[in-house]
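Next comes just one chain, in structure tokens: the form predicted on its own.
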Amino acid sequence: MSSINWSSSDLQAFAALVQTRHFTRAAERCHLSQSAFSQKIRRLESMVGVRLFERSTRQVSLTPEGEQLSREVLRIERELQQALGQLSDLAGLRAGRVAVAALPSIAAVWLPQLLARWRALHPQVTLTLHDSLAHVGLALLREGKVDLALTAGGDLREFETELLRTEPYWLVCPGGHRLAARRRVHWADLAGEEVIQLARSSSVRQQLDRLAAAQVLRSSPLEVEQLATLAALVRAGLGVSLVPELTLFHFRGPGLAAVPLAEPELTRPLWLARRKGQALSVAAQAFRGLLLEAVSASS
């Protein structure tokens, strides 16, 4: 079967004649002379190998084959208009969706106000948030289940990244601890202290492990996944811990103290990651812009 190549102007000419049933008016609608329009219709009929219109001195009517084609062309036209309307809504942020993965500390500290502002600005765009550890968030990004990941660890070489900020670490200890009243602490101050560690899958633990050979932290046998658990263990006097600044809201209660760690080599980089070579949707671009604006304003 040979290919029939109708252009968009061919479809418009056919639809104009179907709707007007008049060659002169259809030609005017298509900005063609009547003779050029008539030649176009004859050429279309020649390409399909069947008459589409019956002509008489008074009227133009569709043949049965023309009726069938008319139904399909009008359906295509409606679907195209619907698709263009949907695309316009996406471009104007009147529809769409964006999915974001974020470390729990980022999700708890940075994002609530940002999400509230997003909802006020773009109430018709669905934003999905996954608060997860670094390796889970990056897996979601890799699998295409989220558009962006706010992370601090893991192997980021396969992604396109933007550094948002670096944050310092703090010592958290019981309120009555010998270091609780210090203005800052150094590695040497931690000599002999049992340091309760987070799980090895956490970005915090991975970063501390990279420094362990040089700083020889004395790790406690206690190892936890949840910061709430870590706070309870420290409050009970079972050890101290080192945590990044964004997590400090877990350690603000009674019986706990937080002291800045004055060791510049230990900072946590916070990254915005996306898949390489893949364009962001309009909604994802808008969220990225709002995030960068918020980060810049809080610096």
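Remember, predicted model here, so these are calculated numbers, not experimental data. From 1 onward, residues are counted along the sequence shown. Here the rigid core means the biggest group of C-alpha atoms that line up within 1.5 Å when the two forms are laid on top of each other.
The discussion below concerns the form predicted in complex with a further copy of the same chain, not included here.
Relative to a further copy of the same chain in the predicted complex, residues 7, 73 and 278 are all within 4.5 Å by at least one heavy atom. With a 4.5 Å cutoff on heavy atoms, residue 12 counts as touching a further copy of the same chain in the predicted complex. The closest non-hydrogen atom of residue 36 lies beyond 4.5 Å of a further copy of the same chain in the predicted complex. Using a 4.5 angstroms threshold between heavy atoms, residue 77 counts as touching a further copy of the same chain in the predicted complex. Contact between residue 54 and a further copy of the same chain in the predicted complex is found at the 4.5 Å heavy atom cutoff. Between 240 to 248, 60 to 68, 227 to 235, 265 to 273, the stretch whose residues reach within 4.5 angstroms of a further copy of the same chain in the predicted complex through a non-hydrogen atom is 60 to 68. Distance criterion of 4.5 Å from any heavy atom to a further copy of the same chain in the predicted complex singles out 84 from the list 188, 163, 84, 120. Interface residue among 126, 201, 88, 219 relative to a further copy of the same chain in the predicted complex, by the heavy atom within 4.5 Å criterion: 88. Here residue 71 counts as shifted, since its C-alpha moves by at least 2 Å between the shown form and the other one after the core is aligned.
After superposition on the rigid core, the Cα of residue 287 moves by less than 2 Å between the shown form and the other one.
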